[in-house]
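Just the one chain here, laid out as structure tokens, in the form predicted on its own.
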């Protein structure tokens, strides 16, 4: 277990780092929750990083010769970003060993990927990287579908969601008719040094998780629920509100794990009904009109309640 001293935690939003390591004017969608999350992540990580990007929405961020990043950027195919990160990390280590790079000038290696790669196409290479104890950060911006190619179902798409490949109809009135993967538990079974869920609506929690992760050498993994206005059929101005509602309804649990030991970092004092979150999104509109799908709505609420009851945290 390799550790370095932990940085002092941030107490309030006023204490967030002021430095911006991703500049405005990107071509991604207005109101993108993933972009806001990435902005906070890079505030925590600083500019001395190499970002290895798996093909997805954020591939649009850095298109030669233009980039919004102060840091370096490497693009890879969807399934192999962790393998690319391994090559970068190995190269940096060789340069340090040969004294061609001062250890103080070492760079953090960061994989940046959407849920299509994280939950599906790239899961094998991620598992292998965790198994090898690769020293890297892995950030998944999860908009719960393949957002870059028409919002098709991914393995992160929740039960009851409409996507381009799960339209509600006679055979499946609910849209997607089975739950998403629990990627947190899949990763946690590897017992990595650090694993966390994060939210753009809780920047203090997010920054402190990166500060805590920094003291560990090895895989450091972060999953962010990222509201997607075009895919979720929502107004761009609602993205932070939706991110907050996902936490307040219990749909998105803010938690962390250190070597397999899970703790929740934020628990609402009282949980709001899941309907408060669902009814604001066009992808769930079919659950309410033309007739309410009571059984589907009840099942979604029960799945959320079952999760919190499992941890004995439902108040």
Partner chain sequence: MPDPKNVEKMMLTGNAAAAWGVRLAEVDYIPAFPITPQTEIIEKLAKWIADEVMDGRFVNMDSEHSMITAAGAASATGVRTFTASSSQGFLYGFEMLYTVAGWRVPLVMVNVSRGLSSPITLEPDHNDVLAARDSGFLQIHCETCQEVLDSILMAYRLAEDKRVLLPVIVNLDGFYLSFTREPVEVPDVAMVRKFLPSYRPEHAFFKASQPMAQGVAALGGSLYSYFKYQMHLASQKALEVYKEVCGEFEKEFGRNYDTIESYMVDDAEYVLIMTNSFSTLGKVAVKKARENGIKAGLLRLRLFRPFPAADIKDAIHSKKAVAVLDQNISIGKGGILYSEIAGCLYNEKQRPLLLSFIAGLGGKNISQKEFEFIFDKMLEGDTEDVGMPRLLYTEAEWKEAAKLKEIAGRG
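Residue numbers count along the first chain shown, from 1. Fair warning: this is a prediction, and the values are worked out from it, not measured in the lab.
Although not depicted, the form predicted together with the partner chain is the subject of the following passage.
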{"item": "Within 4.5 Å of the partner chain in the predicted bound form, all of 190, 238 and 262 (non-hydrogen atom)", "value": "no"}
{"item": "Residue (of 154, 76, 166, 208) lying close to the partner chain in the predicted bound form, criterion heavy atoms within 4.5 Å", "value": "76"}
{"item": "Which of 48-56, 35-43, 271-279, 285-293 lines the interface with the partner chain in the predicted bound form (heavy atom within 4.5 Å)", "value": "48-56"}
{"item": "4.5 Å heavy atom contact, residue 30 and the partner chain in the predicted bound form", "value": "no"}
{"item": "Contact flag, residue 128 vs the partner chain in the predicted bound form, heavy atom cut 4.5 Å", "value": "yes"}
{"item": "Interface membership of residue 71, the partner chain in the predicted bound form, 4.5 Å heavy atom rule", "value": "yes"}
{"item": "Residue contact check: residue 180 to the partner chain in the predicted bound form, 4.5 Å heavy atom", "value": "no"}
{"item": "Contacts with the partner chain in the predicted bound form - residues in 88-108 whose heavy atoms fall within 4.5 Å", "value": "88, 90, 91, 92, 93, 94, 95, 97, 98, 100, 101, 104, 105, 106, 107"}
